[in-house]
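Listed next as structure tokens is one chain, alone, in the form predicted alone.
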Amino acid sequence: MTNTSDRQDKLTPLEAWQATLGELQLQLAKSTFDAWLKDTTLVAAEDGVFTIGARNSYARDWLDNRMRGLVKRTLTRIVGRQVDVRFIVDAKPVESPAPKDLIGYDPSEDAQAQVNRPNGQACALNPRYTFETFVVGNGNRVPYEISRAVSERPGMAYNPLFLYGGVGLGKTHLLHAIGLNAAQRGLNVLYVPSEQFTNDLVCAIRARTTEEFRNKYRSVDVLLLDDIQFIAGKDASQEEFFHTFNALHSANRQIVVACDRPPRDVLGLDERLRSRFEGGLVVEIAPPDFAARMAILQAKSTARACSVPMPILELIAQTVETNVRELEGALNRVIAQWEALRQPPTLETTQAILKDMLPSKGRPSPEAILQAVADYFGVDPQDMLGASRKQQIALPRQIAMYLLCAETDLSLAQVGAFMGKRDHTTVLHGRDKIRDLMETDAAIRLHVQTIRERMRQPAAVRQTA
């Protein structure tokens, strides 16, 4: 049997870097990956040092200060030996065109389509993220149909449109699909992650080019802003976006925003923006059910021209339940091993791949649960253990009780003792209340789902995402 080190020795430096990008894409928030790592290139790999090109000095410094450790650890694991990483400003890749690598990387997937616009600018839209390639299921049918309607009648139907849902459920795909459809109608489209909006604003202020910045964002027919939660708490960004929103909306220009939670639950979001978002249409993208997950896997398998056995697809669909990105990543790993070893996947090898790539599902500690809930809501854990009955404390406290009951072996009495020496009946009430609300309240369901996802992530990933 071929061992891991034998397979790793077959990787070229470029293949190793592409495999590393694939791993990082699974670990990081999409906005972080797209903003900082997606456009990086391998410049050289000599004497155990990988030299990576970034698009500008700002990106180089950010990667070196914030991501170097994670990138180095991931790359070391991929190549099977200790390596170092250094970042420089833009350079040509060491190999071109890029060969097919071992994780299913497709260069055209990262190459963004340049859509010509009336004012001579260009908007970055991924040509693969169309309505036709979006797999529709029970959890995303409504946002899919509404997004199509918006793309066909921008500024007329559902303006603004606010899409929200957990990580990897297709929010960005729908934004790109709306943009591509609108651009094909000759409209002026701009897609931008909110981090880029902030960066553009900072650069404009430093360079005293705020008028150019405003012209760029306020002259479009369709503005697509991704991961809006990242401007929360940033007063200058929110102030500028507030005026951009007003300028576009008053001119009947379409605004579509994506977020990981509904407007009322975004801590630090300007109340004026919150009311404007809620004045439009707020739509949840729910996790795919088993049938939808199977459809996604079959579609991706067909697109890769690989006939993956049905039992393998079923195993992946049963194991990866909430995140489409992880679902695709698992399939890519299975196909990559198939291509590398030239042996069809088996249930045994697939189980090993899934166990290796997915975060540990071991039971979290009570302290970890309490901290995860506190971090999510931005409150002090000690306040949750105290006597405060304020809604901003009471709701996190009840969610913590629910998760302590669901994720640990603690009894009601033990949970009560941990949560500030509360009676077991108080815990029972809090647990049952959250459980019932999850059946009817999409926001509560999203809170619990997101906290669970974050608890499954390694600490280093939580800090950088």
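Sequential numbering from 1, following the sequence displayed. Throughout, rigid core stands for the largest set of C-alpha atoms superposing within 1.5 Å between the two forms. Because the structure is a prediction, the values reported are computed rather than measured.
Beyond what is shown, the protein has a form predicted in complex with a small molecule; the following relates to that form.
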query	finding
Interface membership of I296, the small molecule in the predicted bound form, 4.5 Å heavy atom rule	yes
Partner proximity in the predicted bound form: R333 to the small molecule, non-hydrogen atom cutoff 4.5 Å	no
Close approach of M384 to the small molecule in the predicted bound form, 4.5 Å, heavy atom	no
Exercise: T76 in contact with the small molecule in the predicted bound form, heavy atom 4.5 Å	no
Segment that reaches the small molecule in the predicted bound form - one of 213-221, 168-176, 344-352, 268-276, heavy atoms within 4.5 Å	168-176
Three-residue site V135, K300 and R325 fully in contact with the small molecule in the predicted bound form at 4.5 Å by heavy atom	yes
Heavy atom within 4.5 Å of the small molecule in the predicted bound form - the one residue of F87, Y376, F230, Y129 that qualifies	Y129
Shift of L169 between the shown form and the other one at or above 2 Å (CA, core fit)	no
Displaced residue check between the shown form and the other one: Q298, CA, 2 Å or over, core reference	no
Rigid core fit then V150 CA moved by 2 Å or more between the shown form and the other one	no
Note on L163-D375 C-alpha separation in the predicted bound form, which departs from the shown form by 3 angstroms or more	closer
Residue pair D380, R272 - Cα distance in the predicted bound form, closer or farther (3 Å or more)	farther
